[in-house]
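Two forms of a single protein chain come next, each set out by itself as structure tokens; they are called structure 1 and structure 2.
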Structure 1
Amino acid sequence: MAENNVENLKKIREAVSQDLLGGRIDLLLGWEKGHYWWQSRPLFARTEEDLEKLTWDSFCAINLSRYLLDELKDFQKVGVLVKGCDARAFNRLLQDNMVVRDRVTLYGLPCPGMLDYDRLAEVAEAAPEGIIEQNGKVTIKTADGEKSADRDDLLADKCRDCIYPDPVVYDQLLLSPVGKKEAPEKFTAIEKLEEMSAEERYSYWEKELSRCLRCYACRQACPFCSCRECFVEQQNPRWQGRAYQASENFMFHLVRAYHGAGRCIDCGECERACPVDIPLQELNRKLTKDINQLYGDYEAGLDAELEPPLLTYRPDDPAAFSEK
């Protein structure tokens, strides 16, 4: 991930191998390299041989906490490498009683942000063949030579808006903290949408959601989509058909967004996983903005003991919906 990546990876492997090989955990969730040099995919390590595949680089964007929903069914003790967003996702699952804290060991990895391959290719004006990172700069190697850019300009969208790169919960912190970042103007796009008329907003979302394949990749990647059975897969009653219908696309995405109201950690995994680039974060952030205005600033996943606003009740809660 940086010029000291080899040393960092060595520290990570040493720490997790002691627990895995010593029997303190039965499975480690981490990352390994995928088919391409710029892809890092989930690793499910159970042996010393598996740990040799473990990686930690600038493409470990996938949120690993989501995989606990499946792995805790088969393993008694699971270890997870967690970035800032992974740790907040874990707190969300803990609040929903979807994981058991005593059965999970969290290894904290402060994260300087993940890189976006498309931005690398755009800067290089060719297919990148590799990168070198040093002192906040990224040198992109191509068949035609090399090009350099500031690392911050090459970050994935989800990482540009992240203000909590350090894990908010962990059992062991394996690397040096990065520190909290300045809050971005993440509601700018939402405010532009709010300025539109109802008809303009409908046209905007009709166009965006018309691309939806209903592959449900957004749901599978999302930490707040933790239901054991999703409504779209119910047969009796049946809520969603197989053929394309604009109304059903609207229904799925609006129900999913409202389900995450006050629970979305703004990790951007839904939007990153979408194969047709629907701006799903705009739906999530609109609800986050509204909840903050109604109930005060609340950031999901920071504290597992603090319940989301819509899961609590106070006599002085606003009830603007009932006022005429």
Structure 2
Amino acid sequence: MAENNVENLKKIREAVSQDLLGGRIDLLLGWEKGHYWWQSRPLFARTEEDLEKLTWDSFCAINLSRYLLDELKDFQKVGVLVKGCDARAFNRLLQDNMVVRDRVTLYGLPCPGMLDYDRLAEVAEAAPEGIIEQNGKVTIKTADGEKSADRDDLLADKCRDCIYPDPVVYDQLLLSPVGKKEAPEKFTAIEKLEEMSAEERYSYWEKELSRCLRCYACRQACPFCSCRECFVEQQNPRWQGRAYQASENFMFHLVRAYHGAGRCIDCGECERACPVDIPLQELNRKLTKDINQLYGDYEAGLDAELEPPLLTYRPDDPAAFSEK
């Protein structure tokens, strides 16, 4: 990526600045560099000047589509840069009636997968100070020298099992497609958990969930969480207790995952956002796996026209009960 970085960024900037200047969009949602070189944050660009801050590198993990929920209130026409997962998230929002297709311009960015700082540090065994990418290899610069590794080994968790790196919906595709990928490991963790006894699984989750701070960062990042008032905050009825105990931890996490049943687009933003590293994706993927097995393959976010599996039925559907 880095080798074409300058060129790619130029292409992107040209395309969006034309639309911004030409009034076809009032705002562009993109990325700008964060405090550190290995961070980025959303860029809300309204002017040519703003666009100078635009970046596109291996650290643009953040899913921008969800920002449309707020920005469409203030701006009539919004442009968004969408990677594969941002585009699927857009379809999710479209299907949930949260965005108006005509008011959004999607600039598709086929995505090679984003890198993860912790991984870089782990591999370099020192604090990384910068990287150089070439031919699928990454050279990590540290105070002690340089270390080289396969790019695939440095991918962020959310990108490792990505099947659709290319945007599935866009108005303009700005870079050349990456192609569909395989993710044979996608359900491995789940299968492992399935093999455990009920007791072991409960203990596993009790421990994992015990770290939950109820900060709801997972929800804020999630494209399927678009309620105006989340059940956790409702007073009447009060679904969710406030106590930090297993009972309430399970309540929140099972219901959060269930609300994504047949709707989760597997972008992994929840897990990336979680400050205490709860493996939230495992709950999401378990539902995806079972629903697909029971009711046929369905991948949320691929096609906004296809009815999500829990909103439809077939008379001869199977059931997961001991009586079928």
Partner chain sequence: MPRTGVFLCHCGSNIAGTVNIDQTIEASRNFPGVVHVDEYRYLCSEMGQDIIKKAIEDNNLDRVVVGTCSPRMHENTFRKAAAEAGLNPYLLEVANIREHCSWVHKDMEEGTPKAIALLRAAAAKVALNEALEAPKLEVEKRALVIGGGIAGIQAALDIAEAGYPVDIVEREPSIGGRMAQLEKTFPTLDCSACILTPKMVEAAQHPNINLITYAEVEEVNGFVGQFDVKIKQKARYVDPVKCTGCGICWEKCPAKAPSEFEMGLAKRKSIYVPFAQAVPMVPVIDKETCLYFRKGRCQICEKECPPQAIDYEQQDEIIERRYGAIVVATGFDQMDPSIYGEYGYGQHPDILTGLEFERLFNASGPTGGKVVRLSDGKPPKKVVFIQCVGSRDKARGMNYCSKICCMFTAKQAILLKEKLPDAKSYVFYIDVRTAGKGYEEFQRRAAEEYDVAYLRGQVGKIFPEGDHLVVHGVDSLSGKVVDIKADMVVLSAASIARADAPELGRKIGINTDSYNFFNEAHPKLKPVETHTAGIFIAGACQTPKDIPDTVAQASAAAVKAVGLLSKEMLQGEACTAEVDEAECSGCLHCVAVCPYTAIDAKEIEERYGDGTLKRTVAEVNPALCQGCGSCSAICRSGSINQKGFSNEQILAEVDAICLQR
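By rigid core we mean the largest C-alpha set that fits within 1.5 Å across both forms. All values reported here derive from a predicted model rather than from experimental measurement. Numbers follow structure 1, counted from its first residue as 1.
Note that the form predicted on its own is the one shown as structure 1, not structure 2.
Taking the rigid core as reference, the CA displacement of residue 314 between the two structures comes to 3.1 Å.
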